[in-house]
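Just one chain follows, in the form predicted on its own, and it is written as structure tokens.
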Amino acid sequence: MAAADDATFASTDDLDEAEQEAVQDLLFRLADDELVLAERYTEWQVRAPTLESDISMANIAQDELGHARLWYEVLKGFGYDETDLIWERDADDFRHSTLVEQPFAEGDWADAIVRAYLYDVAEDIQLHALKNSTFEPIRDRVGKVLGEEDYHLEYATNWLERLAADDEGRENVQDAVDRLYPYALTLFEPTDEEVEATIVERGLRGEDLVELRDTWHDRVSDFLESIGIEVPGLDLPDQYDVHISPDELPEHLGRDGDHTDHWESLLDEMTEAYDELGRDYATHIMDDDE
């Protein structure tokens, strides 16, 4: 879907009020997803099935955290600082999908890999839709993120093929798909429908959420079915309706600030050291201007 005009925006100063709200919405979705997924991935350190996968998961977590910081850095142009963006932000102000906040099924490597695959395909599709964003600070960062996400997706795909090679592994993958697929659909829910319309109309993202979701569903289904995994169908609505059937979605979506109970406890763990040290600002080993 093309932008309404050929305008491009080099900085926040070029945006009107509606555009500023739309860019911030888009950035918070991107950054919060990456931050929370990275935090969850750290739970697999020293618990993955092989030393190689342990190291790989740690590297992927570090990549996702780095991507979150890239997007948060752009948000600083709107007057935020790191305490606003992470450390002192209320739990219901985060806009990540509830997929990324779900705890892993204990000891279930298939859960980690299925979640990674569902998320990585969605991110790959979304990043390609941002390659020609009319907001230059987003467009300029997409290439770096895509380069690292290619490895994440390859890693998840290879592990899925490996896990689905026998009956037990295939059953574990199927259980994880059945459990996580509804939460993955929340990746494509709007934060606000008017804001979502502005994102597309102003060319901030090249496709709307329905188009992204349908592409994601087809791609995920084709691959998973090729390795013997059944994928839930979509009760597709009218093409102009952003939402899918409510029966397909979990109770908590995340994009609207409504999260599961798991999120508040995870956020408490993330900010525990900051709170216990009595911080009121974020500290770094080296200041940005040094």
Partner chain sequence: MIWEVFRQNQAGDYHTHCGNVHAPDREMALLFAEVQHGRRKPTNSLWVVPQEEIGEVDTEDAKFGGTTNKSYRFARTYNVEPAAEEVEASEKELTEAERKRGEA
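In this text the structure is predicted, and so the values were computed from the model without any measurement. Positions refer to the first chain, counted from 1.
One more form of this protein should be noted, the form predicted together with its partner chain, which is absent from this view; the next part is about it.
- Among residues of the shown chain, Y155 is one whose heavy atoms approach its partner chain to within 4.5 Å in the predicted bound form.
- Residue contact with its partner chain in the predicted bound form: K144 places no heavy atom within 4.5 Å of it.
- Contact check for F78: every heavy atom lies farther than 4.5 Å from its partner chain in the predicted bound form.
- At a distance threshold of 4.5 angstroms between non-hydrogen atoms, W159 is in contact with its partner chain in the predicted bound form.
- Out of the listed residues D261, E225, D258, E52, E52 is the one that sits within 4.5 Å of its partner chain in the predicted bound form by at least one heavy atom.
- Checking S265, N59, S221, T42 against its partner chain in the predicted bound form, a heavy atom within 4.5 Å turns up for just one residue: N59.
- Between 70 to 78, 146 to 154, 204 to 212, 115 to 123, the stretch whose residues reach within 4.5 angstroms of its partner chain in the predicted bound form through a non-hydrogen atom is 146 to 154.
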